[in-house]
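The data below hold one chain only, encoded as C-alpha cells and taken in the form predicted on its own.
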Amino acid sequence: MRASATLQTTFDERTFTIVFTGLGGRRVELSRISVPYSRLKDTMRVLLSQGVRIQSVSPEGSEPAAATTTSAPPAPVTVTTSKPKPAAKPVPVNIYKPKAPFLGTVTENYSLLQEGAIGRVQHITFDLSGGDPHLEYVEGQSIGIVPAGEDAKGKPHKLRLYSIASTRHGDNLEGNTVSLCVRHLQYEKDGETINGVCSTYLCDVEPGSKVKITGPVGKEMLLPDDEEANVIMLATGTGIAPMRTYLRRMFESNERNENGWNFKGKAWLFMGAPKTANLLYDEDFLNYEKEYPDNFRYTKAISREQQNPKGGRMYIQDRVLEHAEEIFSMIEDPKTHVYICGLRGMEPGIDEAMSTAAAAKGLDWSELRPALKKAHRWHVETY
C-alpha cells in the first residue's frame, strides 16, 4: 500500500516508520525503517522500485507492534536485489575470434514461416563438433557469422552478430550444435532493393557448407539460476531467439532432464508479429502453455490482424498497457526479470506503456527502470 495522502506538513520535523515485506526476497517477514519526513517520499520510491511491498507508514511511536526487525538510519536505502547467482562455471566468451573463426558445418536450413507470411525467416543449425577448444555457449548469448566472399573494396566481409536460438545442449541435446533464426533483410534505397549481405548468405546457405563462426559473446540476456525466478519476455520477429532458449530450458521435457534444473517460477511471453503466419515457434509455445498452464503464459500482438482499444494496430506496447496491473504486480517481486529483444523501434512504445502503467501506481518510470537495470532485472538487446 502507499502512504496516505492525508499526511500534513505539520509532521515535517517528525520521523516516520515504514513497515514492509519483501526485503531480500523474504515475502512474509516484516521489516521496518525509520526516516525523517523530508526523505519519506524518496525512500518509499526506492523501496517500491526494488520490489518491496509497503504495509504501513506512520509517525514513529505509533507504528504497528507486529513490525519486529531492525531499523535503519535515514540515509538512502539499499535493498537486496535478485542479481543472478554466479554460474557453476564462468560464462564462455570469445572462444573463437574473427581472425581465427571456427568452421561450423550447416546441418539444416528451413523456413520458420507459414503460408501467407511476410518476408523470409530461416532456422539454421551448425555442427560444432571437432572444435579445439569446443565452442560452448549458454542461453541468452550470441555468435558472430562472417559471410563468405568480399565487400566492394575487395576485403573480407565483417561479422554480424545473431542471437542464439538453441539451448546450450543444442536442438539435438548432444551439446554439439548451435541454431539461429535469421530474417532475410531487404530494404529500398534510391528505388533499388538492397539485400542484407549476411542474412542473404545465411538464408541461402546449403546443408554441408562450412561457415565461419565467432564467439560466443554477451552477458546481458543471461537467465538467473534461481529455479523460482519469474521471467517476463517481450519479443518481436527474430528477437524470439533468446526467448526460445529460455522456454526450451524451462519446459522441454528432455531439456529439463538434461539440465537438472526444474523451473518453478512463472514465465510470460509477449510476442509481436505482423501476421499469424509470421509467428515463430508458435506451435512449441502453445504446447508449453498447454502442458504447464500454471507456469507459462503466452500473449500475442498481431499487428495486421488484431486491433488495440483505440482501433489501431495491435502492438506489444498495447498488450503491456492491457496487462499493466499484472505486469507491475510481478515486477514488485524481486525474483522477477524482464527481457526485451527485437527491433530497436519497439523500445519507445514499451517505455511509453510502462510509464503510463507506472504513473497509475504513483511511480515514476524514468526512475524505476534504471533501478531495475541496476538490480540486474531489466535486460534489453535490440538492434
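Computed from a predicted model, the values in this text were never measured in an experiment. When you see a residue number, it is the position in the sequence shown, counting from 1.
The form predicted in complex with a small molecule is left out here; the points below concern that form.
Contact check for residue 178: no non-hydrogen atom falls within 4.5 Å of the small molecule in the model of the complex. Residue 263 falls outside the set of residues with a heavy atom inside 4.5 Å of the small molecule in the model of the complex.
Contact check for residue 161: a non-hydrogen atom falls within 4.5 Å of the small molecule in the model of the complex.
Interface residue remark: residue 142 is counted as part of the site for the small molecule in the model of the complex, having a heavy atom within 4.5 Å. Checking 92, 196, 101, 224 for any heavy atom within 4.5 Å of the small molecule in the model of the complex turns up a single hit: 196.
The partner is not drawn, yet in the model of the complex one stretch among 268-276, 253-261, 184-192, 292-300 has residues with heavy atoms inside 4.5 Å of the small molecule: 184-192.
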